[in-house]
Every structure is written in C-alpha cells, then in structure tokens.
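Only one chain is given next, in structure tokens, and it is the form predicted alone.
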Amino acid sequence: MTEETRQVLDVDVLFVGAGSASLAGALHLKRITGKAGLDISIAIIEKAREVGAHSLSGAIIDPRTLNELIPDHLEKGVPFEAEVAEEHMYYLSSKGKFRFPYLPKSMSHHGCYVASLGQFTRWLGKICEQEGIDIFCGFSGSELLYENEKVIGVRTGDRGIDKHGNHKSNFDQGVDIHAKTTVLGEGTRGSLTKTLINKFNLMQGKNPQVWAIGVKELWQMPKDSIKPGYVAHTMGFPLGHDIFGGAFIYGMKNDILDLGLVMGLDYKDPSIDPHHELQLLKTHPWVRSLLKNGKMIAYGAKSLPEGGYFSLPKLTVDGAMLIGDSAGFMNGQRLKGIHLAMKSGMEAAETILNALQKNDFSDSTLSDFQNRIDKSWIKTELYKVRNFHQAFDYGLLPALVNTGLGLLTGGRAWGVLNHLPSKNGHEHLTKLDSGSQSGGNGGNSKYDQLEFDGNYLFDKVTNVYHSATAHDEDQVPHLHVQDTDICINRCTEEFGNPCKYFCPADVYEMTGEDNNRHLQINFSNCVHCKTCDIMDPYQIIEWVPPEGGDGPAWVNL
C-alpha cells in the first residue's frame, strides 16, 4: 500500500491516549452530544496493548470529578482499593523518623481512595465501550496531520518494519485518522504533544514545565499484615534537602503495599539516580520493617508534570486541544492529578459540543476551553498552589515556610515566586568541574552502600523484568539520539553521561574505552517514562512511540 493509497478513517472526534483524561472526556462528550440530538463518532487510540497497561500512578484518587461524571460509580463497581482510613506524614533522617503532628486540610486525603490507576482506567474504558465509543488499542500516533496549519487528525504508526527499515512479512501500514477535533491526552511528555507545542510555540510567556519522575514497586506482604487505606508520605531521606520530592506508602487489598518515590527532575548533580534513590529508601530501618517478609511483585516508572498553573501551555490550536498530563493538569502539593485530568477532559467535551453545534473547529472557537478551565474549580485548586514547586529552588526549609505562608495567603506566599523562571529542569544540571559529586562505579558515592541481592534491593534490570516490559527487538529503536558524538565526547567530559543514571530502566549504556567508546541503547528495556527526553542536558534524545502494543504490561500499578 503506497502513501497515496493509505487507508483513511473519518471520525468526528479523536482522542489520543486512553488515560483517565481522554476516557472521561470521551464519555462525557458522548452523553452530552446525545442529549443535544447529535449522533457523532468518537474514537480513542491507545499505544498500549490494552487500556491500563501503560497507566501508573500512586494512586490516591480524589472522587470529585467521578462524582460528576458517574455519580453511581460505587454501584457500578469502581475498582477502588479502599477509602483512605489512616494518614501520616513523616520526616525521615537516615535512621529515624519524625511524624508531623498536623496535616493541613489542603494536603489531607480525607474522602479520597487508594487505587490502581491501571485497574481504574480499564474499568472506565469498559464503560466507554458500552456506550458506543471505539477504543483502538495497540495503535500509536506517529505524527499529526495538517491542512493549511490546521490539525486534521493523526497518522498511526506502521508495524512490521525491521531495525534496518525494511518491511517484514507482517508489515501493516498505519492509517490516517481524520477528525474535526483531535484531543491529545497522551500523558506526560507525549510525542505528538511535544511536536504541537513546539510548532505553535504554545509555551510562549509560560513557565517552563517542571517535571518529576516517580519510581514504584508493589510488594506482596504476609496475610492480614496490610491495612487497606493506609497512607504515609515522607520527606527527607534519601533525597535530602536539595532534591524536590518524597516517598509514598499505600496499603491495598490482598495485603499489597505500594512503595514509591517521586523526585523533581530539576536537581543539580548529574550522577543522581532515581531508581537507586528508591533502593536507598528501602535501607531505612522503618521502611525495612514495613517490608519484612514481603516479596516485590511489580515495578514501574513514570514522569509527571509538576510546574502547576504557571506552566500550563496554550491549550488549543486550530483543530486540536491538550488535556490531562499532556497539558500539565496536576496539583504538585497534593501529588494528585487524576481528578484534574478527568475534569479537563470533561471541560474539553463541553467545548467540543459547542464547536460541533457551530460547525467551527478553529482556534477561536476551541479557545473557549481555556475560559471554561478558568471558570471551573480546576483553576481554583491550581491557583492556590501556584507557587508550591518554585520555592524548592531555595531548598527544603524555605520551601516548607513558603508552603505554610501559601496556605495562609491563598497561594501567594512570599509574593516573589510567581515569576517566570529562566531554566528548564535539565538546565539545573551542573558540570563535573562545577562541584558535582561522583564516586564509586562512576556514579554517586552514596550508592556504594547498595548491595543488590535480588530479594530486597534490586538492580535496574531485575526491576525491569518485574515491569513485564516487552518490545520486538527487530524494529527501529524508538529512542532517537540526534548526535551520538556528543554523548561519547562532550557529555562524558561535561556531565559524566547522566543518561546512565536518570533512566530507571538501564536503557543507556556506555561500552568500550577511550577511542572505542560506544553508546548502546537497550531500547527493549524502556518503560516509557520519557525521563531521557526530559532530562538530557543537550536535548538530543527524542522519545517516540515504538510499535503499537509494545512497552510495559502493568496490571495493578
């Protein structure tokens, strides 16, 4: 099949990515257009082999949006693990812990639910299909389609191409899906979203987005040892005072314990390793006591947008909209974004209904989406925490003071932090001759104490095995490095190849010595967190989707 005869599928509205934002948006749109007497076609494409296979979060879900979208969700069997029943926040030293005596209401999870995001999106996806929404899994969006600078749809990726670019016997050409409106809900750092933002300069006048990475393990604990709904958050060890972030520990059903660490991707030391930080966390005596006699059963990693209100891009262009994590709808203070993502999808649906009724899908009509966001509780929530992450540039203690002031002043805090910072996260990295600390094994010396025994502490390859990640290795790698000479020479000298450390899946490896050094990309390990695309100091790594259906196969993360 030639480019000229590429199959075309026409739909009214196309959502890219079957996450919570797209599923909620599609479901709401189907219902409100039906009530308005419109019979429209709605399609969702998802790069994973099934809905939920690439969904990872803590997760604690605020049911606020779900109460609007599906008021009888409990009767419909929403797969929540448990309502939050016990909640604590601790400051950890290397050996001890201090419990915060008071949790502000804005940071409390009262009335929220511990959940598996993967299970939740599977449930929501089934409801969408029951109501006539087409979900096509195993289809990644490879490029946006334009007509006179207007987005008219998405081309899905070809399948069955070998690593040399030749067609294999199972070659299947992607299709062009044309839509009146294309809604990008790809999740964090989506490849199509990145392209759209750059093409139309949608971040002009905005804060650079501030990203974080979450690394997570699930532990199967002895019978009757875990209280579902138990929630604990920590700060301090192992990240210290200079790295934004902290840990979370959640109790699920069937004696499963969630253990995770979230850290900002705006740290300075290029030898910092998020995966190793999670393993360091497990050396703490209290954490070790929680995991005693347990067995690690699953692993995953995901990036998340923490820039907040000032980092939201322009949300629309002619024919397209940004929702969910693709746009940055997340509350960094609460470490929650699922309810915001879903609400953004619903507000997008309301905007699209108006566009359908007017038969006008230009930016002038779709830009009402921003007005709807500003009039909704999304802005109210995000504006109250608009200065939360910015303060951490000054260290942990000033940030805690700023957070306290923010609670008293509706988010204004010192009033000097709502400026537009000049640096992206990767620009915080300091060069090796500027005081970065490196030690044993070519990395950070604080990791020298880690002994990966395969039972309690795990190396990256072992953890990747527990992510059930799989890629057909006979395909063009989906991690594109524009100039490997920079990696081998300049980056080695200036930053010590931080890709070896910030990747939580051991994808990047420097092999050989001296003039025979070579960058080896173990792309089959990739868990699709996009950290490399975000944190590379030269911005020469581009993450694009692999063949549809490849990647992690998360079930309960």
Partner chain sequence: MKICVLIKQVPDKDSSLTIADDHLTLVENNITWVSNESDNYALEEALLLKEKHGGEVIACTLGKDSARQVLKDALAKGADRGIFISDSSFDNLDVLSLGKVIASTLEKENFDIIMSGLQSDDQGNSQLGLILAELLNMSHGSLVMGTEIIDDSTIRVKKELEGGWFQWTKLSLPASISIQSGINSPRYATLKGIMMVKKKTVDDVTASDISSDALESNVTINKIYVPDKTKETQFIEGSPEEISEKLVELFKNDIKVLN
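Numbering follows the first chain given and starts at 1. Treat the numbers as computed from the prediction; the structure is a model and nothing was measured.
The discussion below concerns the form predicted in complex with the partner chain, not included here.
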All of T33, L145 and D318 within 4.5 Å of the partner chain in the predicted bound form, heavy atom check:
no
Using a 4.5 Å cut on heavy atoms, which of E83, D360, D459, D172 is close to the partner chain in the predicted bound form?
D172
Only one of L74, L450, A468, L432 gets a heavy atom within 4.5 Å of the partner chain in the predicted bound form. Which one?
A468
Mark H88 yes when one of its heavy atoms lies within 4.5 Å of a heavy atom of the partner chain in the predicted bound form, and no otherwise.
no
Heavy atoms within 4.5 Å of the partner chain in the predicted bound form: does R49 have any?
yes
Residue contact check: L291 to the partner chain in the predicted bound form, 4.5 Å heavy atom
no
Is the gap between I177 and the partner chain in the predicted bound form 4.5 Å or less for some heavy atom pair?
yes
Going by heavy atoms within 4.5 Å, which of 283 to 291, 131 to 139, 342 to 350, 236 to 244 lines up against the partner chain in the predicted bound form?
131 to 139
At a 4.5 angstroms cut-off on non-hydrogen atoms, which residues of 275 to 310 are near the partner chain in the predicted bound form? List them in order.
K295, I297, A298
